[in-house]
Structures are given as C-alpha cells and as structure tokens.
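Next up: just one chain, as structure tokens, the form predicted on its own.
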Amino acid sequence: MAEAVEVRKVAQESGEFEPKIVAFLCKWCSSAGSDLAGVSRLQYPSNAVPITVPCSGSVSPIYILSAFNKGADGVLVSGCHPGDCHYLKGNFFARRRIYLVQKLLQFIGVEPNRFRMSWVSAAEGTKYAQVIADFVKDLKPLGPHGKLGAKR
C-alpha cells in the first residue's frame, strides 16, 4: 500500500495524471479474482479502490453517481460471468441496470469511457489485472473528471 502511495506522489510531482477508479466487485467472483491477482503478485496499476458488494446486481445507480460526485475519474462494476451468479440472476439484473446507467451518465454529460462493466470469475486474476490496466489506459487521455455538475 505504501508503494502505491509513493507511485502516486511521484506521478503527481511529474505532472502525470493518475486516474482514481472506484471498483464495485462481486464478493463471490470479481473480488476473489482481485485477491488472486494480488496473491499471484501480478503487476497492474494500483489506481482502483475495491469495494466488495454481495452481488453486482446489488450495485445501485446511486452508488455509481456518488462515486463520480466524490471525484472518481472512473467507475468499474465487475461481477460473475452471466449464468454463474451465486444468486442465480443477479448478474442479469446488473447487466440490465448497467445499460440504463450508461444512458443516464451519457445524458448528464459523463464520457462513456469513464464507466465500465466486466465479468471476472474467482479464477481469473490475470483477467482482473488486465481489466484494471486497460481501464487506466483508457482514462488517462480523458484527464481528471471532477465532481458531477461542476463546470469544466
């Protein structure tokens, strides 16, 4: 953790933008995939703050809007692969809700690349690391987001 703070300090001093990501991770799959990436010592950006949720289907649009409003540059929702949900249909509900959230974010002026959904199982630590690396790469050209409703 101290290493991640050091990397951010160096990046800030050099003027390089490092995006802040809030990652809502399903307890049963994506969070375990995140843990696997860590214990496997995979190298990936430390930009994501993981928040474990019972199911990707339990992520309210209010949580996503709140993350953006509190200064997140990007928000990730990650859950079990469709058909593998611990709660049977939670990820199908999430997929439907995420589609509507994308439309809402577009309506209020948030760039589409600032929000992402992924399916990562407990055995896919490498995939989790790649999802985070790709998200950071896509967010860097967009620059800081700021709060919702703030003049840019």
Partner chain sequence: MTRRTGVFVCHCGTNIAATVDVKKVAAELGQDEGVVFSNDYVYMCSDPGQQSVINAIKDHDLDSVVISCCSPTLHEKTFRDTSAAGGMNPFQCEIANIREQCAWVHKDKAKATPKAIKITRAAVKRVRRNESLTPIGVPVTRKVMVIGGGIAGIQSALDLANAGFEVVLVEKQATIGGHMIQLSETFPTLDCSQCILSPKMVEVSKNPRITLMTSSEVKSVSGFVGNFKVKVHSKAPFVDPEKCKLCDDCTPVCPVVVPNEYDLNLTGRRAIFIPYAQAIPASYTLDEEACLGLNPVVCGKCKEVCEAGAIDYDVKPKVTEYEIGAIVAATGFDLYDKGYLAEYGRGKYPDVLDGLQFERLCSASGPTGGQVLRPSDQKEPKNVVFIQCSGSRDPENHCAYCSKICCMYTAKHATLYQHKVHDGQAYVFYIDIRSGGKGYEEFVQRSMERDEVIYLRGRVSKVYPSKGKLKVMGVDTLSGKNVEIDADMVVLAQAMVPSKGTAEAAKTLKIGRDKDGFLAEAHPKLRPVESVTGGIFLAGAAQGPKDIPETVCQASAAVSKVIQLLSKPELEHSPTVAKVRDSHCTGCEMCVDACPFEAITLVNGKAHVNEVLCEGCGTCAGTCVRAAIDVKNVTQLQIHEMISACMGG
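Residue numbers count along the first chain shown, from 1. Just so you know, these numbers come straight off a predicted model, no measurement behind them.
There is also a form predicted together with its partner chain; it is not shown, and the following applies to it.
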Open item on the list: Taking its partner chain as it sits in the model of the complex, is residue 21 in contact with it (heavy atom to heavy atom, 4.5 Å or less)?
Closed with: yes
Task: Contact of residue 87 with its partner chain in the model of the complex (heavy atom, 4.5 Å) - done: yes
TODO: Flag residue 31 as yes or no: does it have a non-hydrogen atom within 4.5 angstroms of any non-hydrogen atom of its partner chain in the model of the complex?
DONE: yes
Open item on the list: If we define contact as a non-hydrogen atom of the residue within 4.5 angstroms of the partner, is residue 72 a contact of its partner chain in the model of the complex?
Closed with: yes
- [ ] Assess the spot marked by 17, 127 and 146: is its partner chain within 4.5 Å of a heavy atom from every one of these residues in the model of the complex?
- [x] no
